[in-house]
Structure formats: C-alpha cells, structure tokens
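Encoded as structure tokens, the following chain is the form predicted on its own, with no partner shown.
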C-alpha cells in the first residue's frame, strides 16, 4: 500500500513540475488578523515573484485546526486584495495544485509519511515533554528549548517508554543524520546547521495525529513547484531540517529569502496575539491602502520617505537585485 501511495505521489509531483519551472508563494496561518509585519512579508513575497517574474501562489496554512479562527482565511484574502496584491493560484483562484488549504491536503502528507516510513527514517516516540527536559544528555538550544536526545531511537528503550506511558499516543520523529547542512540564503547569506547537534530528531506527526508543520510545508512547496520561499527570519532555524526533508522526499530544494521581522517601538516582534498593528486599526484611522503600502515600503528601505503609493506603483522601477539589497541592508547584524 505504501509503495502504491509513493507511486501516486511521484506521478503527481512530476506532472505538476512539468507545468511550470518557477513559483513563489505566501502562506499565512489563519489564526487571526494579519498585523503589519505579516503584511510586509506578503508584500515582499509578492514583489519578489512579480520581479522574477514567476507565478505567485497564496496558500492557507490551516493544518493546526485548534488554532484556526473562524473567518480568518476570508479576512486575509480580503485584506490582501484591499492592499492591491494579487495571486495566480490560491483558495479563491482555480489552479493545478489545488487544494490551497492545508487542511484539505492531509492525504498528500500521509503519502509522504508512508514514503519516509518505507525508507526507515522515522520512528514512533512515546516521550513526554517532561521526559525530554529531564534527560541528562539533552543539550539545550537557546530559543526552542531542549533538543530531543534520541531516547526512542532504540527499539528496546522505546518499548520501555511505551509501557511507562500506556495511555500516551506516539508522536513520529524523523531520524536526523550526523550531517551539517549549509545553504546560501538570499538575504541572510551563508547559514550552516548541524542536524544531530543543533536540531535533533524532530516531530513530523504529532501525538494528536496532526501532521507537523515541518512535513506539511515541505510537501506543499515541493508539490506546488515552489522555487523561492520568502518568509520571516523567525523561520530561519527550520530551514536545515526542511532541506533534509526536501531531499529525502525527492523534491528540488528552493531558494530561501528570510526577511527581517517588523518590530514595535520597543523593539518587540509584532504578534497576532496582542493585536499588534492590525490592518483594521489602520483602516479605522482612515488610512488608505496606498498609505499602508508606502509605510511598509519605507520601513524596509524600498523608498526614501513614507508616501502613498500602490503596490503596482512600487513595483515600477524596482529590480529584483534592488529588492534583495534593501532587505540585506534592513537585516540586523
């Protein structure tokens, strides 16, 4: 059955990759209204795709259904259209890579999961968060907590952990090799990460049976023929493990553009949770779409002073290299 699923997945991948050779995308999570930082990343992704030029895809990353807020997808689409951004494929536009909502793509993630299972590179894990934190050998990363020490890699130890937690469903982890992945980010420059020391065996299917972001985003980008991933710098740490998955699943590795995050006056990252600078707030203040675009462009150094202009007016006279140089200049050292 897994071999048949792998065959079907391979056929679809090859069929779609014959359709086009380059694509960009913007993939928001519909967990609330977009703040200005989200919108700035959307604008940069749109500019990059239009300047390349290449088709631009909108994809909703709504796989984590408990975090999805009703009506958010529709509001995101409306907000992006209000700003003057458009896309060639997406939830509201027919395209060959449909569906464009992750929640409708779980069969593809299952096929990829089966492919990795056939290769013997994933295994069930019964460790609790407390087990991982208490493991004496577990090194710690500064931002993401303890790195999984590989406890359930050993079948005998795994059986003991299963007995210790009889009511716990297994998560599934990817067995990372002792490998250093180096890639050239279009904005940040050269980045290296050693998977076994800095990442550890990571989850690709959660204990609640939801496929993890790391697997879903790779399958989606691979099947949709995405060649340029423009996203916030907060996701830079995920890139090495995603490159490992791209290669394990037989997809070409895209170019990555990790763009600087927008911060508030105190230097803190904007957050959906605190309602930071939502577009609705700017609308209530009577600001036009052109005023918002001009503000976003100014904060990233694309124009010398804040002014009102449309997304298409901003596009005129801008080059791909000029966009890249502005992003590099705006990236903190």
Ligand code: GLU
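Numbering follows the first chain given and starts at 1. Note that the structure is a prediction, hence the values are computed from the model and not measured.
Heads up, the form predicted in complex with the ligand isn't pictured, but that's what we're talking about next.
- Here is the short version: of 235, 159, 98, 263, the single residue with a heavy atom within 4.5 Å of the ligand in the predicted bound form is 235.
- The partner is absent here, but in the predicted bound form a heavy atom of 213, alone among 213, 251, 123, 113, sits within 4.5 Å of the ligand.
- Heavy atoms of residue 204 never reach within 4.5 Å of the ligand in the predicted bound form, leaving it off the interface.
- Among heavy atoms of residue 28, some come within 4.5 Å of the ligand in the predicted bound form.
- Contact check for residue 64: every heavy atom lies farther than 4.5 Å from the ligand in the predicted bound form.
- When the ligand is considered in the predicted bound form, residue 175 lies well away from it, no heavy atom lying within 4.5 Å.
- The partner is not drawn, yet in the predicted bound form one stretch among 285 to 293, 28 to 36, 300 to 308, 42 to 50 has residues with heavy atoms inside 4.5 Å of the ligand: 28 to 36.
- Residues of 214 to 238 placing a heavy atom within 4.5 Å of the ligand in the predicted bound form, in sequence order: 217, 231, 235.
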